[in-house]
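Next comes just one chain, in structure tokens: the form predicted alone.
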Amino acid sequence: MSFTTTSRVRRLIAGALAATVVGTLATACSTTSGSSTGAAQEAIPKEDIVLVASVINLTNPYMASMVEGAKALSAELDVPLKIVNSNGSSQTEISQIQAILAEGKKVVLMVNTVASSDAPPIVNAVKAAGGYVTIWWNKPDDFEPWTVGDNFVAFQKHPGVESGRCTGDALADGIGDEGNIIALPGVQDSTTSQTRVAGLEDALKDHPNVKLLEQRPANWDQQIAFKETQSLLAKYGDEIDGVWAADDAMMLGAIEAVKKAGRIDDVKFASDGLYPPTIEMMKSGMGDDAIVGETFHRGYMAAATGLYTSYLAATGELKVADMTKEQRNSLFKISCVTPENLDEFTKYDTDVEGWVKQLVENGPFDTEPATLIGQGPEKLPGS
């Protein structure tokens, strides 16, 4: 299934949401901070809150990890949790969030938007219902939390450009700094995918003998990546020396296709995410040490950080008006990983609940290894 949704459909969804929430807007603004009118932020009692984590799908290991982190935070805070599985559809994502908003509890939301353009209708609906939302990974660059108000607490991500540079350099080095690669971006209407591709392209400037043959968006989907890689293998054959993917789900699909073509010992791979299957492949030296570069960040860390940021705002423990712009449009640390330093990062995966306890103790901006390092939006190379 493609994760893309046409702009026309998203406009219709946004219009429908606006019509739905307009009747509740006056009530919401009278009881909740965050409107651009400057109303004082009021604390919501814990018993009136429901945590909501919205993910793109449940098949991508990163998304499954996000759910794991949301569940761990729910247990730590003793606050109920609802999961929204968007199934790659903006319409499903927005309608399910709207349905939960209509149930009456105050929503504390972390959403990994399917597409960047989904952010405004979701934020506006949450604001109208008196909830609080933190977005992970995708929003329009000009849609800033402080222009919306306190209810849009924060936008958070790991730097995509740095991710693309890390993995681009590793892949170029892995093929001996000479040869041809293909690339599998994610959703085209995704700032995350766009910045990772920009990082790859910038890295290749330092590797003039490495040629990028073609890019094929695979929508963060393993099966789509498998099919696209099969198509590219049919087109370019033995010319392909390496495969770059914007995340591990797509890389795993590419690996499957390369294995089926009998070339797993000849092709190198680099990607973003360091998912559990990737760890095992790196440890075993699959192929001829086929996976040469990764980046470390975790879905459970992102979801728990985003949810906890929204929760602190909802309960009044975090005064949104006092937050810095860096805390509201946030870039969190990302790390470059090779087979040599793999163990330095996989240790966190053995105790997710323990990491979440550290998050609650230290706060959303100061918990290793995903600490706050800067303010977005990212600047693309050369801009």
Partner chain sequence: MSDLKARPAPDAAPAAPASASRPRPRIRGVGEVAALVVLVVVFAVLNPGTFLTLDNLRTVLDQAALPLVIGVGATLVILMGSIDLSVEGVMGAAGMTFVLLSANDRNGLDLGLGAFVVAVAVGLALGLLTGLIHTLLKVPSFIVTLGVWYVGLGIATLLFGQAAIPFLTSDGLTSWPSDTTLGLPHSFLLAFVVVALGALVSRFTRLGRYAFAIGADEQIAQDNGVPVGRYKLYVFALAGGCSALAGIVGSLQLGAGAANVGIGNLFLTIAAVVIGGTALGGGKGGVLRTALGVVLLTVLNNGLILSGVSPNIQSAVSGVVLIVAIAAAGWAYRGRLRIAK
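Positions refer to the first chain, counted from 1. All values derive from a computational prediction rather than experimental measurement.
One more form of this protein exists, namely the form predicted in complex with its partner chain; it is left out here, but the text below deals with it.
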(message) Please tell me whether any heavy atom belonging to R216 falls inside 4.5 Å of a heavy atom of its partner chain, as the geometry stands in the model of the complex.
(response) yes
(message) If we define contact as a non-hydrogen atom of the residue within 4.5 angstroms of the partner, is I49 a contact of its partner chain in the model of the complex?
(response) no
(request) Evaluate E256 for contact with its partner chain in the model of the complex, applying a 4.5 angstroms cut-off between non-hydrogen atoms, and reply yes or no. (result) yes
(request) Report yes if any heavy atom of P80 sits within 4.5 Å of a heavy atom of its partner chain in the model of the complex; otherwise report no. (result) no
(request) Find the only residue in D221, D118, E294, D150 having a heavy atom within 4.5 Å of its partner chain in the model of the complex. (result) D221
(request) Name the single residue among L58, A321, L342, A43 that comes within 4.5 Å of its partner chain in the model of the complex, judging by heavy atoms. (result) L58
(request) Indicate whether the candidate residues I175, K211 and K333 are all in contact with its partner chain in the model of the complex, with contact defined as any heavy atom within 4.5 Å. (result) no
(message) Quick check for you: of 323 to 331, 310 to 318, 346 to 354, 64 to 72, which stretch puts a non-hydrogen atom within 4.5 Å of its partner chain in the model of the complex?
(response) 64 to 72
(request) Heavy atoms within 4.5 Å of its partner chain in the model of the complex is the criterion; list the residues of 233 to 251 that meet it. (result) A234, K235
